[in-house]
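Take a look at this one chain, the form predicted on its own, written out in structure tokens.
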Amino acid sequence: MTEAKPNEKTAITIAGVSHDYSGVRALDGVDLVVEADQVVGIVGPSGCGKSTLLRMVCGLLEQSQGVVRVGDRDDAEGRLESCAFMPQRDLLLPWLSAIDNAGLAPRFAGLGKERSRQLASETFERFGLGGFEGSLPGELSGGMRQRVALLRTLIADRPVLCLDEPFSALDAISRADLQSWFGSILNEIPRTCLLVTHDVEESLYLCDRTLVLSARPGQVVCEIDSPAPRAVDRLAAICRPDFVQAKQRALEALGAERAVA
């Protein structure tokens, strides 16, 4: 897997973005600027438009109003070419081995099966998957399936990663382990990344900053810089007083929105 080259320009620009579904406003006037190699988390109550915003950045959905730009492209095709999207479910193909699932992106891009396997195998050990290359998805734990799905997303070699609650299906212990592991991956292989999650602690740990959205229609009500993003010692990081204060601030913003709603 090649390392993504740093983008000297702003990686993502979202300006005055609103979106309606059949006359119901899901997002209203959202602004966000993400610099290259920044990791930004988006949290908010269910139905506030978090996934909608992610899909618009990826070019999978057109906004009703405003501008969404990735790099220097604001058209859907250009955004799609620049983004690698990981949905909530791992969506591994059950009849393919772990190595072939991980190598789907380069294979779809036109590389042969063996070359795609080679690209994936170069990073399998780093992703804690060594020895499981030939395993089918049904033979893997939930955490290992997520690692394969994340490797598949990274190996697409796009400058922007868009992750929609990638650890939501895991138990608390597996989720904490995956957060620590993925934090180390982001430190080793920097990427511009948008992470949608319901977990405030996850966002503050993995992301450089966190946006809190209001209840529908989603608006940015709070933006918080993370005190210790992707620290090697996750437990020590989340116990820091400034981390606890940041988490409290985000939870208070979410609680205020629920009270208003």
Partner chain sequence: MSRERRSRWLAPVCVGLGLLVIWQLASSWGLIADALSIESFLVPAPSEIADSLWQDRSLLGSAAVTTIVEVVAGFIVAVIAGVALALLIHRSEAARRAVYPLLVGSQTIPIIAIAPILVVWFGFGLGPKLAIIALVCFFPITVNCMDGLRRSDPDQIRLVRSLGASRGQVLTWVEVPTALPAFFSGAKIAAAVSVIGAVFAEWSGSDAGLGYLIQISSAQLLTARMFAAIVVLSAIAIVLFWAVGAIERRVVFWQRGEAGG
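Numbering follows the first chain given and starts at 1. None of these values were measured; they are calculated from a predicted model.
Omitted from view is the form predicted together with the partner chain, to which the following refers.
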task = Have a look at 186, 99, 105, 176 for me and say which one sits with a heavy atom within 4.5 Å of the partner chain in the predicted complex.
result = 105
request  = Could you tell me which one of 87, 128, 78, 190 places a heavy atom within 4.5 Å of the partner chain in the predicted complex?
outcome  = 87
Among 200-208, 54-62, 40-48, 231-239, the region lying within 4.5 Å of the partner chain in the predicted complex by heavy atom distance = 54-62
query = Any chance 196, 246 and 253 all have a heavy atom within 4.5 Å of the partner chain in the predicted complex?
reply = no
query = Applying a 4.5 Å heavy atom distance criterion, does residue 161 contact the partner chain in the predicted complex?
reply = no
query = Quick one: does residue 148 come within 4.5 Å of the partner chain in the predicted complex, counting heavy atoms only?
reply = no
query = Is the gap between residue 120 and the partner chain in the predicted complex 4.5 Å or less for some heavy atom pair?
reply = no
key: Touches the partner chain in the predicted complex: residue 136 (any heavy atom, 4.5 Å)   = yes
task = Scan 195-217 and write down, in order along the chain, each residue with a heavy atom lying within 4.5 Å of the partner chain in the predicted complex.
result = none
